[in-house]
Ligand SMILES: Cc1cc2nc3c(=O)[nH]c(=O)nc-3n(C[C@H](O)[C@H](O)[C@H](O)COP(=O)(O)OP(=O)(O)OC[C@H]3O[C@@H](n4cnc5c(N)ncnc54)[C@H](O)[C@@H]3O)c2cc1C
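Next up: just one chain, as structure tokens, the form predicted alone.
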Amino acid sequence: MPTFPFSEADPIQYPGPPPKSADVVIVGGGIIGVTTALFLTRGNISVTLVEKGRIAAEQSSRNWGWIRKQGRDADELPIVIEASRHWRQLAEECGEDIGLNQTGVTYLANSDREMAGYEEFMKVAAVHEIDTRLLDAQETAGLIKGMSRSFKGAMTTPSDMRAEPWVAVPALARLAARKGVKIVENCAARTLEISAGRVSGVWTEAGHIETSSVLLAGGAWSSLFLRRHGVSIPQLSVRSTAAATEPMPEIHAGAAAAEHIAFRRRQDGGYTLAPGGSHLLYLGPDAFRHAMKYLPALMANPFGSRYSPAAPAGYPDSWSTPRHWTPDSQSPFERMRVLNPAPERSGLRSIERNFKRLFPQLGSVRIKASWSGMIDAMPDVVPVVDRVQAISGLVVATGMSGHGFGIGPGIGRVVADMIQGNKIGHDLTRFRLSRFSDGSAIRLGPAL
């Protein structure tokens, strides 16, 4: 079975070399880094984006492709509402078909408890005048026809959208390059150069870039990069498996999730399938170091995570991954150009079985590709978007916790204005880095 379409074997599209200097250097070529670069160009700022592997080759292209307001943390919601507007504008501006469609997102409920959770979100949705609504069992059956079983009800947001991640993010990178962003692939940022407590440059494997401003948007690798510079962030990464089917009859034009299966109509006429909220956590040094901070999430959803005693060699939290290196020595980022975990066979069997069980009339489900990705997660299921107080000139946007694709352009705009010292327009208190060290209690975001 074919696996993910991006790997380090792919031709380099942006070969470099990097420039000697830039106003801003962005570390990481995913949705956050690319869209931040796009918004910075509007301020006539010179931007260099360095990516250790290939643009969008990790989680930014491996996600489900949902662009949703539904189920968001109340503090994320204003940013994702803004992001939805940006998605429409960027889709038009890039001039490529990225599969952007307004087809809605639906959560299917098995129990009164789940419906009660949806009712809580309805209060948040009402404040922001979102078109989310609750459905009873009959309305749910009418929305997604042909399901083999009935559900207690559902929550649906018709204005939510979908797009094709592995098409969209590279298309936005091409737009950024046309607007003057210098993108360099196969170019790992090894270390920061710090002078008198502030950023003065970035050492890459291809040389030094002088700059006074850096954005770290490294996804699953952000914690490792920060630890090298004495900054601790309780980020872990979890493995999630997904698959794409061959084209098949349309059962639902949008995206939907039940307890054990999630599905989204694709641009090519197939479906992206995933096993609901199930994921695998590799136990490594960071997992043990930050275990206490993750206890609230574990207690709230004790069966959502499965565990493996060790990550494969070279992974961010592998026991054998170096935690220290010098600017002139090979870093862990070069040793693992593209974090490309194999899909779990048991997960793939579960995906196929549960989708066929829910829609038996479809007959055989032909899987044309399967993959896994490493989701950068935080203890409270919301990201860190903040300046690093210990290193002036360094901004971090990481730990999107599986929400990054949809909210990406909103975070990109926010970070671009943060870097420029402009008004941000949103309250970012919830996303401050210091919440994990200032004695604040862990306040869980919704795991919807």
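None of the values given here were measured: they were computed from a predicted structure. Note that residue numbering follows the sequence shown and begins at 1.
Unshown form predicted in complex with the named molecule; subsequent notes refer to it.
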| item | value |
| --- | --- |
| Per-stretch contact check against the named molecule in the predicted complex, the hit in 62-70, 387-395, 417-425, 38-46 (non-hydrogen atom, 4.5 angstroms) | 62-70 |
| Residue 187 within 4.5 Å of the named molecule in the predicted complex, heavy atoms | yes |
| Residue contact check: residue 278 to the named molecule in the predicted complex, 4.5 Å heavy atom | no |
| Contact of residue 404 with the named molecule in the predicted complex (heavy atom, 4.5 Å) | yes |
| Contact test in the predicted complex: residue 240 vs the named molecule, heavy atoms, 4.5 Å | yes |
| In the predicted complex: members of 7-37 within 4.5 Å of the named molecule, any heavy atom | 27, 28, 29, 30, 31, 32, 33 |
